[in-house]
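Okay, so here's just one chain, in structure tokens, the form predicted alone.
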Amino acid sequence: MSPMQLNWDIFCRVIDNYGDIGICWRLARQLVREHHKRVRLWVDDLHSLRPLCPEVDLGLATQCCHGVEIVHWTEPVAVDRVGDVIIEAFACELPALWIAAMAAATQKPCWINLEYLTAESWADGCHAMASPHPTLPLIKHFFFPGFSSATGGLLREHNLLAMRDAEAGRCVASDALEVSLFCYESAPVAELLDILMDSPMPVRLHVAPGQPAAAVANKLGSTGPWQGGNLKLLPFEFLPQDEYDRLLWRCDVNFVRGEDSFVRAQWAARPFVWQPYQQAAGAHLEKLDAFLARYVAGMSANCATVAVDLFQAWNSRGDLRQAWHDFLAVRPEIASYNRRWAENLAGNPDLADALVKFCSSKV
């Protein structure tokens, strides 16, 4: 393997609409821009990538955007070369022909299974665990993003927090409470709208397309924009990732979901509310509880109770109206805490940096 590990292949199957490809696209761009790697991103659904990268041409099998070579992953896969590093994102299962080519290579690639983010404590012990292939001379390593120094950390571009602070300095203060809404269809959106319409202060709700906009339209009819009481609802089109980050930076409260927007809301250092991807047997609620245990550990007792109550209510485990009322009362304190939270997270590894260093150590 080249000590430079110049060629990286990232494989992504789209499961959660935009979450899986969103993380892989951020990682690919960062590896190119900050680590000068040659990256091929293999994705089975270009339609899900295009809203995040409008330059993508759905009709092309191979193209280059932002320095990343994007390949439409279809079967069968023709193997022209095997990269120095192979990232199998979220256990997407590499093609058998590709694994055979990896095994046949003189210099075996560094094979990474990039796992989903979880705050559960077991991830710390499983991070970087080796898994030898049962029949081939290959070793796969499990790489866990996470919230501690024992994991691979979170994706964070080198200049992200400085850009966030510069943007905040340019923002004109709004008379309204600015709120962004990105959620799954199971979120209690109709109840939230009723609560916000009764707000004593003006609220501007920025509604993401897809499931959030559909939930609002189902409640209010038409395609917006809408006005009700002190609430003004502003639907927006899909935004490239950097523009979505700026929306999070500008808003006073961000409702986010899944993994990518969840992480970016934390870097935004603004109050946020998270809805994890729903899983069988309530496994997503275990992920929610594990995150909350870490997240509120440094809060005052009152703020911790308020934050937990709102997260739980948004995930249909409590009284949303009361939880929102209590949350607004301590919002300035939570905003201050979230800035410290982001600074503390930034002391952990950046996921792209951690991957580069880990793979270099396997030469």
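Numbering starts at 1 and runs along the sequence shown. Model, not experiment: these values are computed from the prediction.
The form predicted together with 2'-deoxy-thymidine-beta-L-rhamnose (TRH) is left out here; the points below concern that form.
Only one segment in the set 97 to 105, 128 to 136, 68 to 76, 176 to 184 has any non-hydrogen atom within 4.5 angstroms of 2'-deoxy-thymidine-beta-L-rhamnose (TRH) in the predicted complex, and it is 176 to 184. Contact annotation for S261: at least one heavy atom lies within 4.5 Å of 2'-deoxy-thymidine-beta-L-rhamnose (TRH) in the predicted complex. By the criterion of a heavy atom within 4.5 Å, F142 is excluded from the residues contacting 2'-deoxy-thymidine-beta-L-rhamnose (TRH) in the predicted complex. Of the heavy atoms in F291, none are within 4.5 Å of 2'-deoxy-thymidine-beta-L-rhamnose (TRH) in the predicted complex. Using a 4.5 angstroms limit between non-hydrogen atoms, L52 touches 2'-deoxy-thymidine-beta-L-rhamnose (TRH) in the predicted complex.
The contact residue chosen from A215, C110, V203, A208 relative to 2'-deoxy-thymidine-beta-L-rhamnose (TRH) in the predicted complex is A208, the criterion being a non-hydrogen atom within 4.5 angstroms. Of the residues given (Y116, W226, W249, F147), Y116 alone sits with a heavy atom within 4.5 Å of 2'-deoxy-thymidine-beta-L-rhamnose (TRH) in the predicted complex.
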